[in-house]
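Shown here is one chain on its own, the form predicted alone, set out as structure tokens.
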């Protein structure tokens, strides 16, 4: 298992380097980062524009700019920023936002996977029954709801409950401005703020995953080795969990890993609705300010997250099917 893990990590490294180059080219050719500065009133002097061009390395060849950027990353330097008069530390700011966003992404993935597996198995076992039809209808209902609209519905419902019932559901921000001292108070406060965004993100995600898991389970349940296991008199629960579900989870893990990029984009929308100052807010601010190195840093982190989750998926393959380790 260790050798397999090392091999997968070594494969991920060149993939990450290629991703950085593609991301750099896309952002470089996406527009003039000094466009807003040129249209300011009164217009800045040519010397000011020249200073900004030099600070952003726009006066250098593109390959040299990429080299400076990629070597700076090795030292924790994500490049200069035009925000805050050039005083914004992109690495420091992004690190703080990643912590905020990752707790939402990880919580949503765990909950969505648990619900998707349970719903997929129940639907497959009870195929063409009332339960199957109900779970199918519910899944398609959540699939058809735009994530921003569903998040707004949850938020409005929570506000109504807070006003008319007296509940204390947190609807704004990733934390409260005033929290008592101690780790426990901060942990509870973070959980309270996590409830609504996680529900919005998880329910908008589980539906597609559960449909895929249902199809995968149906295919496995109709296979010969499952019929043989049943004919040998094995308990139904053991056949389902130990033999059928384990095999069905392999393609399910693949789909889940491939959906991480889409989940990140949905996280941006969810954070906007609930006014979280996470990676989504960081990206919007960077795009509005045409802050190329901040956008580059965001895309780089997103690429790393996708690669890491795909790496985790590869490792899960090996856990679910030991034959993969030796291929």
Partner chain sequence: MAATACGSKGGGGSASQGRIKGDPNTINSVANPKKGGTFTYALEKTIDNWNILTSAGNTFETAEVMDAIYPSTFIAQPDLSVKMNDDLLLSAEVTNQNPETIVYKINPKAVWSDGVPINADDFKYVWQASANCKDCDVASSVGYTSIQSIEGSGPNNQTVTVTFKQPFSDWKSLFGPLLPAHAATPKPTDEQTLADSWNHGFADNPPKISGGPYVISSYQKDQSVTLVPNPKWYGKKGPYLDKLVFRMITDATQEPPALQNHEIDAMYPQPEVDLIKTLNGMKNVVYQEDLGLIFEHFDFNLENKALTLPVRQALFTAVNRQQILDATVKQFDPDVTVLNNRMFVPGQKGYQDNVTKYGLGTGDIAKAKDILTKAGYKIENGKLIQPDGTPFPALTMQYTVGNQIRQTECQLFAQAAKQLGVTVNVQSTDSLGKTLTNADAQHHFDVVVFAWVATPFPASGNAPLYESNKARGGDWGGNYGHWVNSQADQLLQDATSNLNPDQVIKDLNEADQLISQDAYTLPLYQKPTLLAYYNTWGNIRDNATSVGPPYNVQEWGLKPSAA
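This one's a predicted model, so the numbers in the text were calculated from it and none came from an experiment. Residue numbers count along the first chain shown, from 1. Just so we're on the same page, rigid core means the largest C-alpha set that superposes within 1.5 Å between forms.
Below, we refer to the form predicted in complex with the partner chain, which is not included among the displayed structures.
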Within 4.5 Å of the partner chain in the model of the complex, counting heavy atoms only, one of 71 to 79, 123 to 131, 203 to 211, 172 to 180 shows up; tell me which. 172 to 180
Work out which of 250, 107, 115, 88 lies within 4.5 Å of the partner chain in the model of the complex, going by heavy atoms. 88
Counting any non-hydrogen atom inside 4.5 Å, which residue from 141, 188, 159, 95 sits next to the partner chain in the model of the complex? 159
Distance check, residue 273 to the partner chain in the model of the complex, heavy atom within 4.5 Å: yes
Should residue 152 be counted as a contact of the partner chain in the model of the complex, where contact means heavy atoms within 4.5 Å? yes
Given that the partner chain is not shown alongside this chain, does residue 281 nevertheless sit within 4.5 Å of it in the model of the complex, heavy atom to heavy atom? yes
Does any heavy atom of residue 32 come within 4.5 Å of a heavy atom of the partner chain in the model of the complex? yes
If I superpose the two forms on their rigid core, does the C-alpha of residue 35 end up displaced by 2 Å or more between the shown form and the other one? yes
Determine whether the C-alpha of residue 275 shifts by 2 Å or more between the shown form and the other one once the rigid core is superposed. no
Is the C-alpha displacement of residue 51 equal to or greater than 2 Å between the shown form and the other one once the rigid core has been superposed? yes
